[in-house]
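A single chain comes next, written as structure tokens; it is the form predicted on its own.
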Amino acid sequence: MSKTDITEKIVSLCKRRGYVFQSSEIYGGLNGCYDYGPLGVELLKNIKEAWWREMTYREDVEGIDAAILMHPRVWEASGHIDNFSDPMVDCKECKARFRADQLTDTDCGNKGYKGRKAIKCMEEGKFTEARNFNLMFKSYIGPLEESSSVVYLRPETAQGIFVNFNNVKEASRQKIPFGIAQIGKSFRNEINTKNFLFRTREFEQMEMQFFVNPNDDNKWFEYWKEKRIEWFYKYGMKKEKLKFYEHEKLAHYAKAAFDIEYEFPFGWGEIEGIHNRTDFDLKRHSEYSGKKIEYFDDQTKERFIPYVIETAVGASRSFFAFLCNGFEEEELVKENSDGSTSKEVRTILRLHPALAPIKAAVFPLVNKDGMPEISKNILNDLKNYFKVFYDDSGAVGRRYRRQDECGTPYCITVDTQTLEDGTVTVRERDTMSQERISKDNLLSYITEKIKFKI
């Protein structure tokens, strides 16, 4: 199966099972924008909660939720107004727009040039000269659209942390080293969106800025590098699908920068960045605001502007990576009633149980003999603790296949033996192994299984 086919299958599954829909689809869609469906919103929530527990349920990291709209001087200080841009070119014939630095990777939009790389059109003089295009979305506060009322949708969540350094330090009474974390929406007016959820105009970030003594920056940089890649392993990412990529050309604020990359069907792509941002951001905001942003160590009597070790992970990209990591098509040999065999393909989302949108599905074997009533009671008992799905439609095998596609780790079947001894069949998604347990022990059984895998 080609990598393009795999991506198409994942996109199809996302729509079919309610993970992701094209934004405004009934109007033809809005390019680079997506809606998360019933299962998608659960998976995204579980990813964010897993990250939040990992990053803030410790003594040295505090959480905040900064506003999306910020004073425009924030973006002057950060350098976004002057530097946050991509080189853009337009096709003189089809009017399509391209990033000038990605023409070798982008197909031309001209009719009759299907599959042709846009760099060929550039060489033939079909494109305009490159010009810089700022990626921030601009808006206005108040009734008048004038320069004094300009605001921007934030292109990253980090600046909301930096401008709150003094507030958090004083309110929490934290001492260096400590971190500030937040999860939130960011917006980038990308010239070209591509590869489904990988590059979109509206996305969520999970960022933590860790403030350290400049003398200790290398130690903490290495600490967070290893800590962050271990988080992905912990939640089921295949080790061979992850790697570190070291930046040789650094951003103007960085002393060191590594990406954690995942091997998507289209190739390796960044899902998290770990950067040593030095004291650049705090210094700039201190300069532009006129407010001191520094730290005084009352033990050593040392006063300094902290260095920042940043861990910035895309929640939306991680969502896509976990889907790709879990997607599998497994060929099964099925024995028919006449003794012959046939093959069928089982599509599975091998999501970590802690991340899976639905933890368990409950099936009555048949819709009679009291089985639906028992199944509903089980559903009502479990749904107070985690997401559970009820399905009484079709053969049990077909119901299993539907839940395999949804990524549900456990399926519970109520059958005739349940009526006799109160036991049910619990079927595990990945191995398809089955076990009979008392229906009264289901909560502790599934909870322990999920906890074990966390």
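The first residue of the shown sequence is 1; numbering continues from there. Worth saying up front: this structure is predicted, and the values here are computed from it rather than measured.
Missing here is the form predicted together with glycyl-adenosine-5'-phosphate; even so, the following discussion is about that form.
Comment: glycyl-adenosine-5'-phosphate is not present in this chain, but in the predicted complex one of Phe280, Phe203, Tyr152, Phe221 has a heavy atom within 4.5 Å of it, namely Phe203. With the partner omitted from this view, the residue of Val308, Cys121, Ile378, Ile271 that lies near glycyl-adenosine-5'-phosphate in the predicted complex is Ile271 [heavy atom within 4.5 Å].
Contact annotation: Arg199 falls within 4.5 Å of glycyl-adenosine-5'-phosphate in the predicted complex, judged by heavy atom distances. glycyl-adenosine-5'-phosphate is not shown here, and in the predicted complex it never comes within 4.5 Å of any heavy atom of Asp217. Looking at Glu156, you'd find a heavy atom of it within 4.5 angstroms of glycyl-adenosine-5'-phosphate in the predicted complex.
Although the partner is absent here, Ile183 sits far enough away that none of its heavy atoms falls within 4.5 Å of glycyl-adenosine-5'-phosphate in the predicted complex. The stretch from 282-290, 356-364, 370-378, 189-197 that comes within 4.5 Å of glycyl-adenosine-5'-phosphate in the predicted complex, counting heavy atoms only, is 189-197. Residues of 306-320 lying near glycyl-adenosine-5'-phosphate in the predicted complex, listed in sequence order, are Glu310, Ala312, Val313, Gly314, Arg317, the criterion being any heavy atom within 4.5 Å.
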